[in-house]
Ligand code: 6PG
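Take a look at this single chain, the form predicted on its own, given in structure tokens.
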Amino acid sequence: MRIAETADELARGVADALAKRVAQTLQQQRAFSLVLAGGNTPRALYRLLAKEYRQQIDWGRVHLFWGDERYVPHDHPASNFRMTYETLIAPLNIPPEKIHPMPTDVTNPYDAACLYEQELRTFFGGIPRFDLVLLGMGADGHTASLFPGAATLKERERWVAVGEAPVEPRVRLTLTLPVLNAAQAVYFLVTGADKAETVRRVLMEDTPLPAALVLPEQGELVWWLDKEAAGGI
């Protein structure tokens, strides 16, 4: 667990840790696979990375994936891809062959989930073992687009599932728990007093909330919290 005084301090701490992890990993292998999260906390991180970590990270060897996506066009205001494109991809001019967005231009979202699973299979060969997964958490305990009580929480075969959110846009694509828990490292980024009670439950109680089910089998799990989000601990 890492606790920062402010959200800005948290973003800088994550950026430093990410840069070090990328550098260390690229000493051992040719590419680094990074799963991106949506939401306001990652937005600040991406802007910081694009502005101050352009030279510190070998972006030409980083492949970008997504943990979940709203089933809307990539130029839609609610799109996770659009947010990341505007804050990170475009400013760094990351080449298209390093960008692996979830497809949302297919009529049937279940077909889109299969297409993304095939892309993961092509890239990794076997089950994906991402070098780093960035995740957020909602006040209800959801993470990626895995929501409390959803059938997607029980999925053990598929790597990418179609879920339904309680708010619009309701249709979502999401990585499943087997994929998240196969990662080399998972960073949760959580800010705000409205999430303090949920953070306490996830970290200190035996709870079925989705965020509590992310427990990498052989990887590192770090919760990055600002002081407000850590207020219940």
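Position 1 is the first residue in the sequence shown; the rest follow in order. This one's a predicted model, so the numbers in the text were calculated from it and none came from an experiment.
Below: the form predicted together with the named molecule, not depicted.
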Q. Wondering, does T143 line up within 4.5 Å of the named molecule in the predicted bound form on heavy atoms?
A. yes
Q. Wondering, does G163 line up within 4.5 Å of the named molecule in the predicted bound form on heavy atoms?
A. no
(Q) At 4.5 Å between heavy atoms, is T41 in contact with the named molecule in the predicted bound form? (A) yes
Q. Is G138 one of the residues lying within 4.5 Å of the named molecule in the predicted bound form, judged by heavy atom distances?
A. yes
Q | Options 129 to 137, 150 to 158, 116 to 124, 93 to 101; stretch whose heavy atom lies within 4.5 Å of the named molecule in the predicted bound form | A | 129 to 137
Q: Determine the residues of 166 to 189 with a heavy atom within 4.5 Å of the named molecule in the predicted bound form and present them in sequence order; the list may be empty.
A: R172
